[in-house]
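Just one chain is shown here, as C-alpha cells, and it is the form predicted on its own.
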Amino acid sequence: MQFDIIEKGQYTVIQINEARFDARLAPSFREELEQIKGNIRDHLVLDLSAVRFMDSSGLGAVMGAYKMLRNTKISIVNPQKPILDLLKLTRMDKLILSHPTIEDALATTA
C-alpha cells in the first residue's frame, strides 16, 4: 500500500510508504487526498519517513494539499535531508513546518 491513513483525535496522519514521491506517485496521492478531504481532521500530518526522493511532482502534490485544505494545519514529519533541502530551496518550509517525529508535530497544536 502506498499510503496509510491514521485518524487520531484532532489529527489525520498520512504515511507515504514509498521511497520516491514523484510523477508516478503524485496523482494517486492527489486522488487519495481528494477522497478523504471531508474526513481530514484539524491537523494533517504528512509522514515522509520512507521518502528518499521527491521531485517537482511530489512537491506540487504537497503544495496542492496545502491549497486544498486551507483551513487545516499541515505538518511534514521526518523528511530526509534531500527532501528538507528541497523544501527550504522552494521556501515551502515557511508554509509547512517540518518536525522530527509525529509526536513533535502533534505537540505544536496540543
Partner chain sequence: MNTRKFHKQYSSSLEASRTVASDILPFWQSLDLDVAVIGQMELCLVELVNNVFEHAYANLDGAKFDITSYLTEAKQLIIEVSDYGSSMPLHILENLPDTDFIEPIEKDPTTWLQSNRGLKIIQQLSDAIEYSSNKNKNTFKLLKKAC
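This is a predicted model, so every value here is computed, not measured. Positions refer to the first chain, counted from 1.
What comes next is about the form predicted together with its partner chain, which is not displayed.
This chain lacks the partner; the member of 51, 44, 77, 59 within 4.5 angstroms of its partner chain in the predicted bound form by a non-hydrogen atom is 59.
Using a 4.5 angstroms limit between non-hydrogen atoms, residue 17 is distant from its partner chain in the predicted bound form. Residue 92 belongs to the set of residues with a heavy atom inside 4.5 Å of its partner chain in the predicted bound form. In the predicted bound form, its partner chain lies within 4.5 Å of some heavy atom of residue 24. In the predicted bound form, residue 63 approaches its partner chain with a heavy atom inside 4.5 Å.
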